[in-house]
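One chain follows as structure tokens, the form predicted alone.
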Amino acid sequence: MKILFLDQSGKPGGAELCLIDIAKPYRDRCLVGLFIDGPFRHFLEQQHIPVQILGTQSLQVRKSSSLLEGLGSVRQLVPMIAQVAKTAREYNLIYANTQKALVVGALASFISRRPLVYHLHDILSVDHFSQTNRRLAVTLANRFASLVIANSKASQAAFIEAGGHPDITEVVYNGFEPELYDTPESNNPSLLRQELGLEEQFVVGNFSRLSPWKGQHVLIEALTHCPSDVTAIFIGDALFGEQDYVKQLHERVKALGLEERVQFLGFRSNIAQLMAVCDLVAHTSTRPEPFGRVIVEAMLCGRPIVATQSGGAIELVEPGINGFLIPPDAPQELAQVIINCRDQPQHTATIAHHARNTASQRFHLININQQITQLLCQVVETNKKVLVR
């Protein structure tokens, strides 16, 4: 089976990291088409995954765009659709990994007569998308997609609520390689703690792009309710024109006098090593999270996790068993969890140990990729029967 993957981003977000894991088994029989060049291309090349850049500038359409704003990108889309349709004839199916990829992939699928699979990494709700974008995604998926893979039950439910056909959806969680999170460096974090000046500190880590709905401000506010030895580190940076929020975070840290207790480390690739430095990982999204990749990564690193009680996080975290849940945008409740974990290290370690064991089995990449392969084979076989008719 040969697969043409499509992705809109040049930067490695959660959906892109998931794509790498799915594409690796098809290295010698796939191509990843990116709408714009960027660091993500290097990630793919490091894994020896063939990649082709389809455009020279990003599509000027955002999740909040109106119909008029979306029409402004038509001139960019037409040649890209033609190029993808031509390339797709050499492959068995088109795999759209993002919403903009769905737009291009749907029309290219129709032209090339190749089946379309849409991997839904988003919650199609008013919290995340404009009405125009929700309607466009659902209409294209219903009309052209043979399969919609939702990364959680929450994503699937939002798709169906927005008008998506239930019979074309399947839930497949993101997959992980547990051994990548169990390294000598992650098992001995004292040197990195020393380098970061975190000795004798209770360290709370936040791993996410810096964005208002990712809720880094919630953790900053929570620090004001915690003992002075509680320190926060933020790993990630702004991706989609959200530099104003980054500036606000720095200003808030200064206004609260927390300069000695907060570190912004930017984008880092050594996630396992940095998680090992943390005594607790805080996932602070203020809107429903489609899946929550960081939540599973923390579990695999043997770190306790506190997450917002909404979206996909509810499917991953069992409170008091493998982690903790708090209401959205609730700094005082977050502070209380931090204090409890700080004051009850043995109980917290037991929860983290249980989380590691269960996550290693539940989200193992081998099992997840087997599920996806089975679904893709069904799509290809069904399409062959249709073409024969």
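When you see a residue number, it is the position in the sequence shown, counting from 1. Remember, it's a predicted structure, so these values are computed and weren't measured experimentally.
Omitted from view is the form predicted together with ligand UDP, to which the following refers.
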- Note on the structure: Among 96-104, 267-275, 162-170, 141-149, the stretch whose residues bring a heavy atom within 4.5 Å of ligand UDP in the predicted complex is 267-275
- Query: Heavy atom to heavy atom, is G292 within 4.5 Å of ligand UDP in the predicted complex?
  - Reply: yes
- Hey, in the predicted complex, does T284 get a heavy atom within 4.5 angstroms of ligand UDP? no
- Query: A15 near ligand UDP in the predicted complex, any heavy atom under 4.5 Å?
  - Reply: yes
- Taking heavy atoms only, is T231 within 4.5 angstroms of ligand UDP in the predicted complex? no
- Taking 4.5 Å between heavy atoms as the contact cutoff, choose which of S208, T308, S155, N133 touches ligand UDP in the predicted complex. S208
- Which of these residues, H119, R114, R303, K214, gets a heavy atom within 4.5 Å of ligand UDP in the predicted complex? K214
- Query: What residues of 230-247, in sequence order, lie within 4.5 Å of ligand UDP in the predicted complex by heavy atom?
  - Reply: I235, G236
